[in-house]
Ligand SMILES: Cc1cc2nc3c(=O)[nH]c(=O)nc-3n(C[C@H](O)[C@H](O)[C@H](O)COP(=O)(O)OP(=O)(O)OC[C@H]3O[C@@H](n4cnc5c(N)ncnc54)[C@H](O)[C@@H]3O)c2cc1C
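In structure tokens, the next block holds one chain alone, the form predicted alone.
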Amino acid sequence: MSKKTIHIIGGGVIGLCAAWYLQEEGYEVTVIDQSDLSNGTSHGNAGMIVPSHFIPLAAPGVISKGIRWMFSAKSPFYIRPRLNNKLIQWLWQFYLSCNENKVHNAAPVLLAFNQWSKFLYETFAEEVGLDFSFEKKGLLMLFKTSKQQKEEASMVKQSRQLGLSANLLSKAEVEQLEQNANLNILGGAYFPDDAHLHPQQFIQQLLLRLKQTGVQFLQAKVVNFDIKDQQIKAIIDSNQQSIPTQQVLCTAGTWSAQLLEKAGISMLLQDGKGYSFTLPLSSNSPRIPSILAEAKVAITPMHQQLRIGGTLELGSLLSKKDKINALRLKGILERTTQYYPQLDVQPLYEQTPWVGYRPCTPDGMPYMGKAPKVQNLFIATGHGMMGMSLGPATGKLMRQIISKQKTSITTELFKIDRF
């Protein structure tokens, strides 16, 4: 086996981008995934590439909002109540992370990470030649209340302090940008440095190019590891087949924590279930991606489609009661028309939504780096709702870490064993 051989567990956007950059570095790469890669978590993503999202999920004020939301069946946030030690630990660390100092330290790192990823997406489009409907039209944060207006004004101010373009707009100014829309809003914050793409197009084209360049793909469910002398000697699949390996990169998303326990790695990671719907683009569809600030709904025009997505339900994946929550789906669609009354979402009430699970860490920062205790194991997971936005930068950062190169951004806040 070559000294530059690596197996990547997980074929979402993180795993595929890592495969791209590692094979570019000269590694012989095999990607292992339990699915046929036709419909993973990355596929139904809102497709937003967002340097403007430099505030992590764990931020001051989130807990009080979350408590209020949990009492509404249609709210955008829900934690499935259960007696679970990992959930209790996660919630405690989430509480500790919701402070100004942690957000202040995280913001410039997340901004640099997102800007790097946006640049790499541009490279995929312009130099590699992938066509995934990449557009740089910015992002609108639309608000209906004066309270939310103050929050968005604060975000505009912070963005400018960090060097991002940002403007607070009135309803009339928003409608000058979105000339097809008749919006029911007070105003919006506009972040022109953001971009968007079609996730499934990107995944499909990158997958095809990886196969053409010699990356191997194996459909199998990894369930265990053969570990000796602090080294993974082989990966064990659900058929008890042993796959010899020299190095392993785990990019298995929400499933990472459960799998890595087999390697003695304990991680605080909760699944965040989300839904999305896709409509054909029409003459009165918005042309600029938006987030409905109070409703926490994302709306993205992509190619000839309009994607509407939202909700964050923690703790559904391993529950026997996990199912599609019809009330929360109804909440997404109702809130959409409260901002965009001209949109006809009625057909979506009969549509089965896409469902995906986002891996959420307590502090909103991903886990990326070399695993403790196991010398040839590397981890990249915990990106929450930012996996698509941060995919290329994560892939390139992991190449730098695995190849022992100087990293392009600081990695201190991404340490695997920080909790």
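Numbering starts at 1 and follows the sequence shown. This one's a predicted model, so the numbers in the text were calculated from it and none came from an experiment.
The protein also exists as the form predicted in complex with this ligand; that form is not presented, and the subsequent description refers to it.
Review point. Hey, of 176 to 184, 163 to 171, 333 to 341, 248 to 256, which bit sits against this ligand in the predicted complex at 4.5 Å between non-hydrogen atoms?
Key: In short, 248 to 256.
**Study point:** Residue (of G356, P353, P362, G369) lying close to this ligand in the predicted complex, criterion heavy atoms within 4.5 Å
**Key:** Comparing distances to this ligand in the predicted complex, the residue within 4.5 Å is G356.
Point to revise | is_contact(I9, this ligand) in the predicted complex, heavy atom dist at most 4.5 Å | key: Yes - in the predicted complex, heavy atoms of I9 and this ligand come within 4.5 Å of each other.
**Study point:** Contact test in the predicted complex: A46 vs this ligand, heavy atoms, 4.5 Å
**Key:** A46 belongs to the contact set for this ligand.
**Study point:** Non-hydrogen atom contact I379 with this ligand in the predicted complex at 4.5 angstroms
**Key:** It does not: once this ligand is placed as it appears in the predicted complex, I379 has no heavy atom within 4.5 Å of it.
Point to revise | Residue contact check: I265 to this ligand in the predicted complex, 4.5 Å heavy atom | key: It does not: once this ligand is placed as it appears in the predicted complex, I265 has no heavy atom within 4.5 Å of it.
Check your understanding: W92, Q270 and L314: each with a heavy atom within 4.5 Å of this ligand in the predicted complex?
Key -> Not a single listed residue reaches this ligand in the predicted complex, so no.
Point to revise | Sequence-ordered residues of 177 to 191 touching this ligand in the predicted complex, heavy atom within 4.5 Å | key: The stretch 177 to 191, when checked against this ligand in the predicted complex, contributes no residue at the 4.5 Å heavy-atom cut-off.
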